[in-house]
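Below you'll find only one chain, the form predicted alone, shown as structure tokens.
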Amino acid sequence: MAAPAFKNGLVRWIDHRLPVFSFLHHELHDYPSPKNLSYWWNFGSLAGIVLVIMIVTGVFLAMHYTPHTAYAFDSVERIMRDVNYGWLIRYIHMNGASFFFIIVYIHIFRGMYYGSYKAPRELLWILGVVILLLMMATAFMGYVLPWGQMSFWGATVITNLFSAIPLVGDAIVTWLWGGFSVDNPTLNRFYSLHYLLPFLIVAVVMLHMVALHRFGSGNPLGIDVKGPQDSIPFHPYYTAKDAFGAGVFFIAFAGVVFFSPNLFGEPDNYIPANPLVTPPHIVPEWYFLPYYAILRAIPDKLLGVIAMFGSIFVLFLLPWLDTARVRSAKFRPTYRKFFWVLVVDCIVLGYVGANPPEGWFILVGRIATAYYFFHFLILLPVLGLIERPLPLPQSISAPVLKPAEGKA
């Protein structure tokens, strides 16, 4: 492929020796994309934007944070009160984590609805699940850093889960803590890993993008691009669409940061950590609540931990669990209904996880957990074999051009 003729002499000189501008021009400008992508495809680029925001704000926060149990809480308060615009940087970082998970969860459910995990995009999907796991680890360690009551006790409860592993569980917990309780060594290693993992996420995102560009984006119809008539250049069509989506996102994000910055927060985390006082109800951040509900739904500790991690691991197997011959739920009317049942089920799990494990919450949590695994392990394989999908169009352009041909 011939290199583009850049007008700027310096750019041409650099590109001749290091073709970075040619690469970016091809991948972000000329890159052919399906012409029927909807706004549901905005969330991939939005996730990238939020990742950059989180890294930049995190670097600035790290300059003023003190990773020591005696000073961590006070250093966060100092950031909020004494550092110029420290309150803004922290609120952006704190709420950015929640918005990051909102965007990624929508991105994942969009992939499930339109079958973006099906061949030949299995590795693309698997890398996406790896990114989700790294996000969870990063967010959990970041939640510990303010060293409030919920930070301390959340770290204690979650790390203690590994003690359920036979033979080596207690040794793993001691290794995670760096001692025999959640203390200064724990805070130090969590701080180091919280700073490191976002850069690892960037590396996996790069691999995710390489895998995406290998076969191109999926599309709402779930059929392959048949030729140039089915695609358009990424720029200016989708850069404009992504810019509009980013504008809507920033309005919502700014609304939370400036008018309700503690919307997703836990009040107990504004109390300094006290190992001698246990909060009445220990809950993780909202984006962990469905997994927390699955953990508590099973009375046995080891089986609960296996189920919690299994609820994420099952996503790795999704490309092979779904036996359907077509990708998109637009042509799978039965699957489409069960997909929305799964969405409601995950919301119910989140609600159950936010409440104490007592009364009817226990029963509802167990039913919702059972359906979650039933959906992936039994329903998808069986439904793919017995469901009769609707006829697929011949090409991406066919549904658009057909009405015009009929009028003619």
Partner chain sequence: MRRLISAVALLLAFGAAAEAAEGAKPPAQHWSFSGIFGTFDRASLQRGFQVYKESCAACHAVNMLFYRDLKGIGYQEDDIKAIAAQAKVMDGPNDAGEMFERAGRPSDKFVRPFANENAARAGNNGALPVDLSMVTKARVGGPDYVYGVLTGYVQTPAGVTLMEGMNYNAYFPGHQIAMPPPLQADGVPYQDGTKATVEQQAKDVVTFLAWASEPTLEARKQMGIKVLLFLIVMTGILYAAKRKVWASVH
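Numbering follows the first chain given and starts at 1. Everything numeric in this text was worked out from a predicted model, so none of it was measured.
Just so it is clear, the following notes concern the form predicted together with the partner chain, a form of the same protein that is not shown.
In terms of contact with the partner chain in the predicted complex, the residue from 171, 196, 80, 210 that brings a heavy atom within 4.5 Å is 80. In terms of contact with the partner chain in the predicted complex, the residue from 28, 55, 341, 383 that brings a heavy atom within 4.5 Å is 341.
Across the options 127-135, 253-261, 105-113, 298-306, residues that bring heavy atoms within 4.5 Å of the partner chain in the predicted complex belong to 253-261.
None of the heavy atoms of residue 162 is located within 4.5 Å of the partner chain in the predicted complex. Although the partner is absent here, residue 224 is not a contact residue: none of its heavy atoms lies within 4.5 angstroms of the partner chain in the predicted complex.
The partner chain is not drawn, but in the predicted complex it has a heavy atom within 4.5 Å of residue 236. Looking at residue 214, you'd find every heavy atom of it more than 4.5 angstroms from the partner chain in the predicted complex. No residue in the set 118, 288 and 366 has a non-hydrogen atom no more than 4.5 Å from the partner chain in the predicted complex. In sequence order, 35, 39 are the residues of 23-61 having a heavy atom within 4.5 Å of the partner chain in the predicted complex; the partner itself is omitted from this view.
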